[in-house]
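Heads up, the chain below is alone and in the form predicted alone; it's given as structure tokens.
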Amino acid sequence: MKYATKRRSRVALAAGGAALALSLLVGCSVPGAGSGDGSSSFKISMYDPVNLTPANTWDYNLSKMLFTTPMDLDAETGEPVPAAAKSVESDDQLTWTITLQDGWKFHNGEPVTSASFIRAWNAAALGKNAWLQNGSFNKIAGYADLNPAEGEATTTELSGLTEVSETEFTVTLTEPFGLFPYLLTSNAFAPMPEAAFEDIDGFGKKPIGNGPYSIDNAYEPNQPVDVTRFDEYQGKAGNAEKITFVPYQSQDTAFNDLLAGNLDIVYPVPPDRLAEVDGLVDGRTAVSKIPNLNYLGLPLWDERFADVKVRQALSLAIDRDAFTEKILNGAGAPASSIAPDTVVGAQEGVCDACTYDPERAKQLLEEAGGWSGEMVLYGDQYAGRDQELQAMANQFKKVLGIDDVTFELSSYAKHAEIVDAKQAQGPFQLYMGAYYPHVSDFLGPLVTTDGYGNKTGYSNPKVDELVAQANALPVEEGLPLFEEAERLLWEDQPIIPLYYGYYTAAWSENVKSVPVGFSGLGDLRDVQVN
């Protein structure tokens, strides 16, 4: 299999919508947007990145400008396409050959070679370094040796990485995985120059990348970061000469700075401004239906949820259209499967019990023997959760006649503790954001027996088997097996899909062609300064 082709278009991007914000942006006010000095530049809001070493940060947009990974996601299909790599190939999905583009350089002039990737991946995979995205490398052979359950690692290198030449290396996985090229789109898999390891702390503040822009000033908390177009970049060049990334602690502050002319792009728009954003910026907004799912997990350890008819009745009692329109103010789309339609392998509408059908809901609950006792709904204290849980409680009361429905909000950490300890006595609200837009990255984590996001205790050996078989095949061949696994999943209904969250960007008159994509904002190289 060679990755260089495009397939069907699966993404639906629209103007003038709403956004669901998951994190707090944050706060300082900056004067003067646009170029102003005659150069081509724009200013964009961002989260405070804390660190900019590729596998040791969750930053996305700034990192994508500083580094180029072996593969990138096609803006239209969401499928992996070559970026720093010329090709990524495998005959058995177990050993992959990565051939690099010729002539690429880091911002300090150091050539980008196979060693640049191997040294970066080894450092990220070494447990004692405690880099944030260490787990991204767990499919590569030798990862376990670098992350022993007890004691110190006896090696510092992944046995699965082999340098063939300056522009070619191989990656051997622990088991066949046809979606490996998707992993290579993650910023965690960016290369690092030899110079980085002379002062790794300093590198984390002012990295030397291989991307389309180089960093001007070292990162400081709550201070803007400036980047300049790297003229020796061999890939697609950015339109703007400079970009300033401005950290905010408040989405509202960022949005107000946009309205005041101090910013050019805000992402995401704060939820409480969604209703007015189009009018305030004259329609200069865009929606991104990112690969995510907001859902209710069901406590399968509680015998009251043992009958699938009870689980389906609860799902059928929720009017998702009204929920997303009235409670979320359009900041999400009703969910009817495990993944939104922008995801490869998604099957919209495959969850039979994910439509509002109060009569059928009542009938199923009656057939299951009804409900007894109190029902508690659980959620974290993210803004708006109380309204969401209250709405669901009302529908369970109205449709199913369950009178004693209450809800409990906790800090995110406490909520996770309650769920992980299986202390919940009722449905619990959770969020899943996939690393890459493929249904495998929903099914595997959420509903396989050993999935890291499986919080319900659900286990169906046939689902496990189908997902494992599909993961081991080339992408196209695996899709029918993923589809079969999801059909079996909804016969069991261990989770209740609620909605797919949106992200929204808004921008000033100073810029145009602001893209949205699979991870929120799209390729900032496309932004044009007026």
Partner chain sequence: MAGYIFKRLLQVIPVFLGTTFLIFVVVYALPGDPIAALGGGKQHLSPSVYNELRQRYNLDDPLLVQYGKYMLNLFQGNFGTDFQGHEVSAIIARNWPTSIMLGATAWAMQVIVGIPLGVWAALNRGRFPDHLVGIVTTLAFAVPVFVVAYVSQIVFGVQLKWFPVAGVSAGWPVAFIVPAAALAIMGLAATARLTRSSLIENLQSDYVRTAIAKGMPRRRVVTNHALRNSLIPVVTFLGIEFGALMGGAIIIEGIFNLPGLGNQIFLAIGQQNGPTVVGISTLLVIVFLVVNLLVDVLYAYLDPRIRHA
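On a predicted model such as this, the values are computed, not experimentally measured, just so you know. Residue numbers count along the first chain shown, from 1.
Just so it is clear, the following notes concern the form predicted in complex with the partner chain, a form of the same protein that is not shown.
Shown alone, this chain has one stretch from 466-474, 45-53, 61-69, 496-504 that lies within 4.5 Å of the partner chain in the predicted bound form by heavy atoms: 45-53. None of K128, K236, K398, K326 but one reaches within 4.5 angstroms of the partner chain in the predicted bound form through a heavy atom, and that residue is K128.
Note on contacts: among N147, Q390, T172, T77, the single residue with a heavy atom within 4.5 Å of the partner chain in the predicted bound form is N147. At least one heavy atom of T253 is located within 4.5 Å of the partner chain in the predicted bound form. Interface membership of K205, defined by any non-hydrogen atom within 4.5 Å of the partner chain in the predicted bound form, is confirmed. Taking the partner from the other structure, the partner chain in the predicted bound form has a heavy atom within 4.5 Å of a heavy atom of G135. In the predicted bound form, the partner chain sits within 4.5 Å of a heavy atom of P221.
Every member of the trio P247, L259 and Y452 reaches the partner chain in the predicted bound form with some non-hydrogen atom inside 4.5 Å.
Counting a residue when any of its non-hydrogen atoms is within 4.5 Å of the partner chain in the predicted bound form, the hits in 413-428 run A413, K414, E417.
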